[in-house]
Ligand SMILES: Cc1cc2nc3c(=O)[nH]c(=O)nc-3n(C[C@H](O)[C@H](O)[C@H](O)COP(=O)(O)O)c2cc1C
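What follows is one chain in structure tokens, specifically the form predicted alone.
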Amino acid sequence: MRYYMAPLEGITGYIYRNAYSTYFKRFDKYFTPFLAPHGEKERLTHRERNDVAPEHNEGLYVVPQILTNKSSEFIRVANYLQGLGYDEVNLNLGCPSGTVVSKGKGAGFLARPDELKQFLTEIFDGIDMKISIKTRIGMYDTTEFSELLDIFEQFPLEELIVHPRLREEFYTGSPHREVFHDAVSHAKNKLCYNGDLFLKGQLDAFKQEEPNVEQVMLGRGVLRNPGLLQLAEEGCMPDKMLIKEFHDKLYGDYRDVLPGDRPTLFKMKELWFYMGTLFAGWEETYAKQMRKCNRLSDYERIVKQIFKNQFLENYL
């Protein structure tokens, strides 16, 4: 099985990728949070350029993800990335955010199949790079995916990463695994599964259900348990002190690059929203304290107590 790290906006940037890869089993591919070009030239933000800078991603196979519905923007950014040494880019057709969808981007592009087909024709004609797609299965109804898959099959995708939820569902309910399973049976392009694989047991069950699928993308499951790949492949949880070393590096690296205490505190609280569930007693004892703390000194005190007093939950 090949494992990919999902792009989670504001979380899985280069600082997280590097800290994670220092302590845990590495992913086969890391997908960046989306780059959103605007107007002429590449027009990427300073943060976006930092995230794809080669010196920030040494030793990792990183695939930049692009969010746009204009082929000229996609081609310009892809050419810029190719100049940095990248040979693969990914198109975001999955973001369910209202502000993104209202502009016909992300999952919103799925509601415009004719425009999407023309867009894909233009970018495949316009660049000489591998192109993969991360998509949902439609906007409103699972039956939409049949037409979308027919469109995707007309292009030589590096792979199609499918999150089998509708845009309207955001991240609620259960993924429509039956839709993905049906696609596996007749798709020509290589498929990768993404969605609600949080535990070793869930990964094991997926492998049994889809023996012909050789790659999965993991996001929230790894944020909750950074040792998930080790658990899946070797059957053992990481040591608690390894989790602490990972935390300490991430915390220190954010403090080094972020402008002040508040941005660092925001980043770390966001991490603990997921990783806190790895620790027994998190919800009863520490979740509220973490939400309410507004100084790094308070944050450090809470974290010290967690690592001293709590044991890791079983993520089987």
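Here the structure is a predicted model, which is why all the values come from computation and not from measurement. Note that residue numbering begins at 1 and tracks the sequence as displayed.
If you look for the form predicted together with this ligand, you will not find it shown, but the lines that follow are about it.
Chemist: If you check in the model of the complex, do 17, 226 and 276 all have a non-hydrogen atom within 4.5 Å of this ligand?
Modeler: Per the other structure, none of 17, 226 and 276 touch this ligand.
Chemist: Heavy atoms within 4.5 Å of this ligand in the model of the complex: which of the stretches 81-89, 182-190, 152-160, 210-218 has them?
Modeler: The contacting stretch is 210-218.
Chemist: Among 65, 264, 68, 57, which has any heavy atom within 4.5 Å of this ligand in the model of the complex?
Modeler: Going through each option in turn, the one that passes is 65.
Chemist: Hey, in the model of the complex, is residue 194 touching this ligand, heavy atoms inside 4.5 Å?
Modeler: Residue 194 belongs to the contact set for this ligand.
Chemist: Is residue 33 near this ligand? Define near as a heavy atom within 4.5 Å, in the model of the complex.
Modeler: So residue 33 counts as contacting this ligand.
Chemist: Quick check on residue 9: any heavy atom within 4.5 Å of this ligand in the model of the complex?
Modeler: Flag for residue 9 set to yes.
Chemist: Taking this ligand as it sits in the model of the complex, is residue 140 in contact with it (heavy atom to heavy atom, 4.5 Å or less)?
Modeler: No, residue 140 sits far enough from this ligand in the model of the complex that none of its heavy atoms falls within 4.5 Å.
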